[in-house]
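Take a look at this single chain in structure tokens; it is the form predicted alone.
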């Protein structure tokens, strides 16, 4: 048995609040503790997801959050894996529990972001690919999103209208989510009428940078039973895989791929392998899913993820969307939270926020955005430099 129980989840709403990231993490942690019916002093391990934009405390987030909550002696760990940081921190806590080193742990991620595009930290680093892509190419994140969208149009005949309809769907899903930053319905014309940022993607199709926090309290199944917790949501698998050589599909922040001249590409691409590892560990497959939270940095990327997690074959994502399969009431609702389209990026908190949403869905506590009868859910995202991130939650 590798399952661990989710006793509590909590978030600080996303926005541009202009406060220290620690405030958001503490608020999320306190909400998760309250949801679990636990006191802070009862936590036996703290796992923090790091933020690189908030000074030294951001690099030691586990201890930073522990200090802010009040030193109580718990061991800590801090994890940085860019947008996969939350899943990596969650995996560190899960490992402690499965190893029998603790019974219950708190995982926290929070961020305060600058205005505009995310950029590398300051300094001259001529051997840093992330630094180089900005200095040599001026390639911000949306530049990559636009290239991915163009690739999808070329390979599968996707249209700007298809991309716009992803935003329309997610905006509708996030409309009643109290933690979402953007809570407004939009039309396809609204999306296509917004300014072009990275052709063919418009302003409303690219996620913002946001402040926010998320936290999860997890425990061994025996500990959950000892507290009288009946049928909790459980983490059945976590995938944090890296690419397999040669990786022939471009990934941020690189601007060249591995060559396949001497070595054949792997049978499974990096993005396909992320969910595949989670499915294998959980003993489940795409047909078992009731709901999914995917990493919609852009509307076009959401369509890619449909295929990467096995909801459909390559080139069929547009049909899945346009047939209504991924909207609430459809076969497999995707981004019931509203996704990054409604939240924006608070990097260390993103993967944890996805787990929060799945937990609420599987408990039947998602209100107007509830996916009926949800029992199995999957999260998917990735971080710079080949960090996979997928979590399967079951009940």
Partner chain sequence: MAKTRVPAIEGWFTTGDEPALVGSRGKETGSYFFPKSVAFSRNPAAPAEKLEEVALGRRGRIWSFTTNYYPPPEPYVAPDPFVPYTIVAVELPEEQMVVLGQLAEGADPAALKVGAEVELVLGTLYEDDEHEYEVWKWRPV
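Residue numbers count along the first chain shown, from 1. Treat the numbers as computed from the prediction; the structure is a model and nothing was measured.
Same protein, other form: the form predicted together with the partner chain, not shown, and the subject of what follows.
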Which residue, 284, 119, 76, 192, is the contact with the partner chain in the predicted bound form, using a 4.5 Å heavy atom cutoff?
119
Just to confirm, with a 4.5 Å cut-off on non-hydrogen atoms, which of 228, 138, 114, 157 contacts the partner chain in the predicted bound form?
138
State yes only if every one of 40, 56 and 94 has a non-hydrogen atom within 4.5 Å of the partner chain in the predicted bound form; otherwise state no.
no
If contact means a heavy atom within 4.5 Å, which one of 318 to 326, 250 to 258, 287 to 295, 220 to 228 is the stretch that engages the partner chain in the predicted bound form?
250 to 258
Can you tell me whether residue 197 touches the partner chain? I mean in the predicted bound form, with a 4.5 angstroms heavy atom cut-off.
yes
Contact test in the predicted bound form: residue 144 vs the partner chain, heavy atoms, 4.5 Å
yes
Would residue 126 sit within 4.5 Å of the partner chain in the predicted bound form, counting heavy atoms only?
yes
So in the predicted bound form, does residue 132 come within 4.5 Å of the partner chain, heavy atom to heavy atom?
yes
